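For reference, the chain that follows is the form predicted alone, supplied as structure tokens.
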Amino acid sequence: MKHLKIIFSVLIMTIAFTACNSKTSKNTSEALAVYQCPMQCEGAKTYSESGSCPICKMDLKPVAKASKVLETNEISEASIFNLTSKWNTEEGEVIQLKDLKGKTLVMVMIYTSCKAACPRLVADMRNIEAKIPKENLKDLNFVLISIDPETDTPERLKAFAIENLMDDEQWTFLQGTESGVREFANVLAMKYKQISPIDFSHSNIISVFNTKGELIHQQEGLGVDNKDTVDTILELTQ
């Protein structure tokens, strides 16, 4: 008898759980549906819920599914947000790359004592920024990562940002560890090598990532035509 009571209780809980899930699923489906009066009394006006037309009183009919896709917090295998290395910003904050999630990222690797290629890369970054409408900048983060973490302390990066008029909210400078910098350079397929106590040889690549940290576009070279880069950024920040 005791066993029968237990079995009955489990059966009741299972039925209740299933009913609850069915209700949730139905509500989600309704939330994504779009309804419209079959007589189109109000033109192309649509409703997010079922019901009746306020004019002819006919039942609204589903006409399409909303194109809106529910955002998830999932990170794809291709995302740089999977990297667990820690970085110091020019403001002295400690972050991981996943803390940059949610904005389109335009990233480049430089070192502040460079007298040759890096000043031109910095100019290229500023040139790209100048072609982006102000209303899009709030969705953008221009990130400069030092390949010389021993020299480029947060204080030095801050001074460099101010000196080059790159101290607004949309600019971020990062100092990492040697292993973290090397790991990130490998992700970008960027090569660099220290050739003297103060100089490095390196690739010249500007990379664009979407808000989920997935690489979308790369621009290689110095002073190159940046139209494709700007177009990619505009598309991602619309």
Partner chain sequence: MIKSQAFRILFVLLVFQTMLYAQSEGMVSIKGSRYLPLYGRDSTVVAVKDFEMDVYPVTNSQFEDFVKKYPKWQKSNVISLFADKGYLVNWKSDTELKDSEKPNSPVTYVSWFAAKDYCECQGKRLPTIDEWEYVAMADKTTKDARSKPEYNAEILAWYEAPRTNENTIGLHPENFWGVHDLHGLVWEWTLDFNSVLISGESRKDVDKDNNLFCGSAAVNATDLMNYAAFMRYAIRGSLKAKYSMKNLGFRCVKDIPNEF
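Residue numbers count along the first chain shown, from 1. All figures in this text were calculated on a predicted structure; none of them were measured in a lab.
Just so you know, the form predicted together with the partner chain exists too; it's not on screen, but the next bit is about it.
Trainee: Would you mind picking the one in N127, N82, Q96, T151 that has a heavy atom within 4.5 Å of the partner chain in the predicted complex?
Mentor: Result of the distance check: N82.
Trainee: Among 98-106, 113-121, 132-140, 161-169, which stretch sits within 4.5 Å of the partner chain in the predicted complex, heavy atoms only?
Mentor: Among the listed stretches, the partner-contacting one is 113-121.
Trainee: Tell me, yes or no, whether T211 is in contact with the partner chain in the predicted complex, where a contact means a heavy atom of each within 4.5 Å.
Mentor: Judged by the heavy-atom cut-off of 4.5 Å, T211 is well away from the partner chain in the predicted complex.
Trainee: With heavy atoms only and a cut-off of 4.5 Å, decide whether A189 touches the partner chain in the predicted complex.
Mentor: A189: contacts the partner chain in the predicted complex.
Trainee: Hey, in the predicted complex, does S48 get a heavy atom within 4.5 angstroms of the partner chain?
Mentor: Taking the distances in the predicted complex, the answer for S48 is no, it never comes within 4.5 Å of the partner chain.
Trainee: State yes or no: in the predicted complex, is some non-hydrogen atom of N204 no more than 4.5 angstroms from a non-hydrogen atom of the partner chain?
Mentor: Flag for N204 set to yes.
Trainee: At 4.5 Å, heavy atom to heavy atom, what parts of 189-222 sit next to the partner chain in the predicted complex? List them in sequence order, or say none.
Mentor: Read in sequence order, the residues that approach the partner chain (within 4.5 Å, in the predicted complex) are A189, M190, K191, Y192, K193, Q194, I195, S196, P197, F200, S201, H202, S203, N204, E220, G221, L222.
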